[in-house]
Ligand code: NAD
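Single chain ahead, written as structure tokens, the form predicted on its own.
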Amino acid sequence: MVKAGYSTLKELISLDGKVSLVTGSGSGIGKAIAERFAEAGSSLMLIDIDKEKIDRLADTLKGGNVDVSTYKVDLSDKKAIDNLWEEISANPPDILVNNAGIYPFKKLEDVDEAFLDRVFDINLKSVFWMCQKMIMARNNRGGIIINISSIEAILPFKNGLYSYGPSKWGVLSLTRSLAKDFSNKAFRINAILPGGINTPGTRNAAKGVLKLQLGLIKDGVEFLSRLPMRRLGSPDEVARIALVLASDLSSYVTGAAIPVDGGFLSA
């Protein structure tokens, strides 16, 4: 017998009737999140700078009878973000996942203003603008916001990420500030802190590093040796936690920062 007011597991995890906007959904963690959300019944707004990638993903997901729309957006451009939200204003998403980000290595002495601006524009400022638009669009209805930060925000480990780490710390701080101020308005706002996740982005970044600075191979070996689980994670392992945060399984969770890092921060 089901208790009065009791929801089944199937009901708790379902995203039926929801619309989810996922940035950086053309590959890696964003793609995995979109796939899991679709499996849970959510309609999708896929955002990426690479339109071909999200169109291919949309074709795949539509095969499962999921309503999917795609938008090419340069998240480093605030005007492009403004235009996106104007376009979707009639049907703003119930769930926003700010996943898009860049992961560039550079020696401290080589960082210039243009490089620093680009990292912060994409990794932090776009998250701020997207959260602002989401809260304004759904002010009377609430919603779910999931921001993808990084363990580098808590414990810097790799050399050459002097712009990346601070940008991701900003995402974490923004998440907590927004949760404090807007959770009483039916918003739940949380952050995920991925650790070493095997994605096309991190693989490409690693290739670039190997070309520029072979000494960083030692960092990679030390990183893996420190991991209690002794392996990199998969994008889907992050996506599963995102699904929990997007669903009613986490109905009393807000302002949280959840590591998905194979135990790195605890080691």
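Numbering starts at 1 and follows the sequence shown. Note that this is a predicted model, so its numbers are computed, not measured.
Just so you know, the form predicted in complex with nicotinamide-adenine-dinucleotide exists too; it's not on screen, but the next bit is about it.
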Taking 4.5 angstroms as the heavy atom distance cut-off, pick the stretch from 106 to 114, 175 to 183, 84 to 92, 191 to 199 that is near nicotinamide-adenine-dinucleotide in the predicted complex. 191 to 199
Touches nicotinamide-adenine-dinucleotide in the predicted complex: Ser163 (any heavy atom, 4.5 Å): no
Is Thr60 close enough to nicotinamide-adenine-dinucleotide in the predicted complex to count, meaning some heavy atom within 4.5 Å? no
Quick one: is Leu227 in contact with nicotinamide-adenine-dinucleotide in the predicted complex, heavy atoms, 4.5 Å cut-off? no
Flag Ile29 as yes or no: does it have a non-hydrogen atom within 4.5 angstroms of any non-hydrogen atom of nicotinamide-adenine-dinucleotide in the predicted complex? yes
Which residue, Ile148, Val119, Met134, Ile144, is the contact with nicotinamide-adenine-dinucleotide in the predicted complex, using a 4.5 Å heavy atom cutoff? Ile148
Within 87 to 112, which residues come within 4.5 Å of nicotinamide-adenine-dinucleotide in the predicted complex, counting heavy atoms only? Asn99, Ala100, Gly101, Ile102, Tyr103
